[in-house]
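Okay, so here's just one chain, in structure tokens, the form predicted alone.
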């Protein structure tokens, strides 16, 4: 890995774009949701305000939300790539973005309560690396606010409260239970990422990985694709709506993945992402230059 300043510049630009510019597929989902609401409904007023905020943030180069969230980086790199140097360049880019106001000083020491001035600390930002036969470095960034993170849930099936057995119907009941319990908190309308299976830790990671999918895609597993669409339809009937104030647009999307599991365990993990669905990606060359923006 050479030319570290160029790496830092490219990663800084990824952070800036993610913070201030909602991806087009998410904005389009919000506009479709607006079109479905009744003319004089409160839901329509909220969605119009959200879309005005999206346009304002893009025009003024300011963060979409005051909670710039936890930074979750996923890197796909060539075999043998220097991930230590890449981590250092990313931390430098995070510190720079914080100094320039694209990130809030959003990282707190859990023991002392002290704020980390640069957002660089133990566990911040979060990195995940995968090596493979490739020439470029694929970087994906999710900025996940604390309010939406608080709305996540994990179920161990069978689960009596939502009446969930160990099957896809049980999964459906768990997801709708999590959305119902949220009652619009976490800044609805949002997107849920779901993992069926895994263990407690891998379930949360895989559920969040679903947020890297485009809004218009469907699971390659037909049974899961059908389940995604059914839950999305069912959510419109809950009447929760934007910010929990009533309406059709309770969810913008449902993305479900699955991992293998142990016979004794059947976890359903639900991660919630608010309407400020901040995720971007970029392909970088061997010297750190931008080859293509994703999303």
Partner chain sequence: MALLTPRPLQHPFTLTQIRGLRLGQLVKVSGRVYTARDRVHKYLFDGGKCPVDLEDGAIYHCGPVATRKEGGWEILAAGPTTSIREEAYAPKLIEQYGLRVILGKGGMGPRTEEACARSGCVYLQTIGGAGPMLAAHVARVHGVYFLKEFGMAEAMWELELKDFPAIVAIDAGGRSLYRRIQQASRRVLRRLIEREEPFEAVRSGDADP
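Remember, it's a predicted structure, so these values are computed and weren't measured experimentally. Think of the rigid core as the biggest set of C-alphas that the two forms share within 1.5 Å after superposition. Numbering follows the first chain given and starts at 1.
Heads up, the form predicted in complex with its partner chain isn't pictured, but that's what we're talking about next.
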Would its partner chain be touched by all three of 127, 216 and 286 in the model of the complex, meaning a heavy atom each within 4.5 Å?
-> no
Considering its partner chain in the model of the complex, find the one stretch among 80-88, 134-142, 202-210, 165-173 with heavy atoms no farther than 4.5 Å from it.
-> 165-173
So which of 34, 238, 232, 258 gets a non-hydrogen atom within 4.5 Å of its partner chain in the model of the complex?
-> 238
With its partner chain left out of view, choose which of 248, 50, 254, 26 has a non-hydrogen atom within 4.5 angstroms of it in the model of the complex.
-> 50
Residue contact check: residue 185 to its partner chain in the model of the complex, 4.5 Å heavy atom = yes
Using heavy atoms and a 4.5 Å limit, would one call residue 180 a contact residue for its partner chain in the model of the complex?
-> yes
Does residue 272 reach its partner chain in the model of the complex if we count a contact as any heavy atom within 4.5 Å?
-> no
Close approach of residue 30 to its partner chain in the model of the complex, 4.5 Å, heavy atom = no
Output the sequence-ordered list of residues from 13-50 with at least one heavy atom within 4.5 Å of its partner chain in the model of the complex.
-> 41, 42, 45, 46, 49, 50
Using the core for the fit, does the CA position of residue 38 change by 2 Å or more between the shown form and the other one?
-> yes
